[in-house]
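Given as structure tokens, the chain that follows is alone and in the form predicted alone.
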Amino acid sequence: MSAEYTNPLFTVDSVLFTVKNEQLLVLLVKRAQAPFIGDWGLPGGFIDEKIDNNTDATARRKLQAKTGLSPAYLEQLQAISGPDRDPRGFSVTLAYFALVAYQDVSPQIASVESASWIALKDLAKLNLAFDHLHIIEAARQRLQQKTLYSMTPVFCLPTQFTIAQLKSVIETIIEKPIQRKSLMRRIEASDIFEISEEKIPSGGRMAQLYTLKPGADLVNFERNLSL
């Protein structure tokens, strides 16, 4: 290869969302090393060719090390590149995203001072590293789109959940109310849920609990959910 060509920096970053108390949260880590030391950023890092078979493995390794979290799934979002993203030089990052159930997180590596779930409405108050605010917004838009045509929101619910809980999560993500009857039709059409024998009190009545069928694949619908 000609000496005039140099390899760009290549990293993997993950945008993990959850819903708690009717707020959409994103998982961030506080950086303990340069560049952007002391700023908040997405959990990610460089590929290790010796141990990572692919970028999926890099994303999972970095998430585990920097937050202690191992999501059930990760989905590629997009590649972002440019000469001004990183003060160390031209860089490329492959961004992943996922929606997960809320759980405690804690860093297990010296390059991270702390890890925390941050409400999206509070991001403007923080100093964010690199172009991570832009990546988070792109991931949020993709999540909103997927919520309208898939059952992705069940990933952040407990094992057993009510229709009201599912409806609340969907409305929190898309920031709009939805029709309960439209959601019920979608649940019936998906055929991926089982009705539990248990019920819980909800709004003065007993609400039915639902669970995902074992091994169920999430269904994508041809039409968006009716608002």
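Each form is matched to the other, and the largest set of C-alpha atoms that superpose within 1.5 Å is called the rigid core. A residue's number is simply how far along the shown sequence it sits, counting from 1. The structure presented is a predicted model; accordingly, all values stated were derived computationally and were not measured.
Beyond the structure shown, there is the form predicted together with a further copy of the same chain, which is absent from this document and is the topic of what follows.
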Quiz item: So which of A79, A119, A72, A110 gets a non-hydrogen atom within 4.5 Å of a further copy of the same chain in the predicted complex?
Solution: A79
Quiz item: From the list A139, L94, A115, C156, which entry has a heavy atom within 4.5 Å of a further copy of the same chain in the predicted complex?
Solution: L94
Quiz item: Heavy atoms within 4.5 Å of a further copy of the same chain in the predicted complex: does R31 have any?
Solution: no
Quiz item: Within a 4.5 Å heavy atom cut-off, is P87 in contact with a further copy of the same chain in the predicted complex?
Solution: no
Practice problem: May I ask you to check whether E197 falls inside a 4.5 Å heavy atom distance of a further copy of the same chain in the predicted complex? | Solution: no
Quiz item: Would F10 count as touching a further copy of the same chain in the predicted complex under a 4.5 Å heavy atom rule?
Solution: yes
Quiz item: Just one stretch in 23 to 31, 157 to 165, 42 to 50, 170 to 178 has heavy atoms within 4.5 Å of a further copy of the same chain in the predicted complex, so which one is it?
Solution: 42 to 50
Quiz prompt | Core-aligned C-alpha movement of D52 between this form and the one not shown reaching 2 Å | solution = yes
